[in-house]
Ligand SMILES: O=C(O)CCC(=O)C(=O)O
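The chain below stands alone and is given as structure tokens, in the form predicted on its own.
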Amino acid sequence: MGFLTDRWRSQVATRTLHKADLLVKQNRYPEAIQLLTKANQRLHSSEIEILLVNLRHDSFFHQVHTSSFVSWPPQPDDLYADQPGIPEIDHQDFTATNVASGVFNHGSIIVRNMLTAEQVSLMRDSVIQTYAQHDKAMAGALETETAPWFVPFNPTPREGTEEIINRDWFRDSGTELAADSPRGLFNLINCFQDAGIINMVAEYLGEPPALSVRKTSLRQVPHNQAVAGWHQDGAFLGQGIRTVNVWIALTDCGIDAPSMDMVPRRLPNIVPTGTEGALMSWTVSQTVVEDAAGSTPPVRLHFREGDAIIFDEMNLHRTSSSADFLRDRFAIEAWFFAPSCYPIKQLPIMV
């Protein structure tokens, strides 16, 4: 019976891949992605998942991207003027209006219970599986042995795109690129769709969004990691971008596991980097952080598994460190960009 089931799954996957290929040849990428996604929810096919990563990237270059926003950033009303620090909402109040109000007036917004316990478990397992298969790859295993959990993504050569060559740096910082894990990315996008995140981001940005290969990650941050540097992502993402980051804890963190330290307000500009006392050329010194924070000193954030925080490239933050941390922290981080002004070096993935 198992043989028959495997044979049936293989036959269905083959037929589905053929249909998707016909759609791609007609430049109907979104339809091909939808077809493969729906089929894979039943088939869990390694071949389909690997193809989906590449189609989601290639799709970006075969669409015309326009925004419903004439100018950026928007200036939403402050719905949380009576809340000190970073505003908090529950998932039931998770709307583009509320998120925009929090991000553009306060620098970020916390969304409690963003993912269900089942979704958290699925994504935490995705992190563990991806790390394990990457370890096998580093030990010499072939891609056929590590798929679908680890298959390094290499973009189609185009002007502005570059091969990813610094995976060791990502791994040392507790990061696996989601695009390097076809099944991990598939699970992440499905969870985001079910949680209403993709629809919210589309409304927030004014157009269907694209993830960044270089900044969307499955994370396991060691509890004893070295002190991390303060930074604003806008310092190295470029000018004229429209972006939002959805960061979700997959374990409780902030007390005995690393969380984030954050300046609890929106900064009007990118603060100086690489000054005296900064850990690296792209990080911000403690003195500059204190000057930028002013009367709103940095806070250490506490999350339960499934909680999220949403912010953009102006936010000043760092991964927290402490001798009191005894557990690693699992999380997912997803940077969404508006495709109409996408920084191509970040390598787009349409969702």
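A quick note: this is a predicted structure, and the numbers were derived from the prediction, not measured. Residue positions are given as counts along the sequence shown, with the first one as 1.
There is another form of the same protein, the form predicted in complex with this ligand; it is not shown, and what comes next is about it.
Though this ligand is absent from this view, in the predicted bound form it lies within 4.5 Å of a heavy atom of just one residue from V263, A179, M260, M200, which is M260. Residue heavy atoms within 4.5 Å of this ligand in the predicted bound form occur in exactly one stretch of 292-300, 316-324, 29-37, 53-61, and that stretch is 316-324. Heavy atoms of R183 never reach within 4.5 Å of this ligand in the predicted bound form, leaving it off the interface. Mapping the unseen interface onto this chain, E333 counts among the residues with a heavy atom inside 4.5 Å of this ligand in the predicted bound form. Although the partner is absent from this view, N113 stays clear of this ligand in the predicted bound form, with no non-hydrogen atom inside 4.5 angstroms. Put simply, E207 is far from this ligand in the predicted bound form: not one heavy atom of it is within 4.5 Å. Residues of 290-313 placing a heavy atom within 4.5 Å of this ligand in the predicted bound form: F311 alone.
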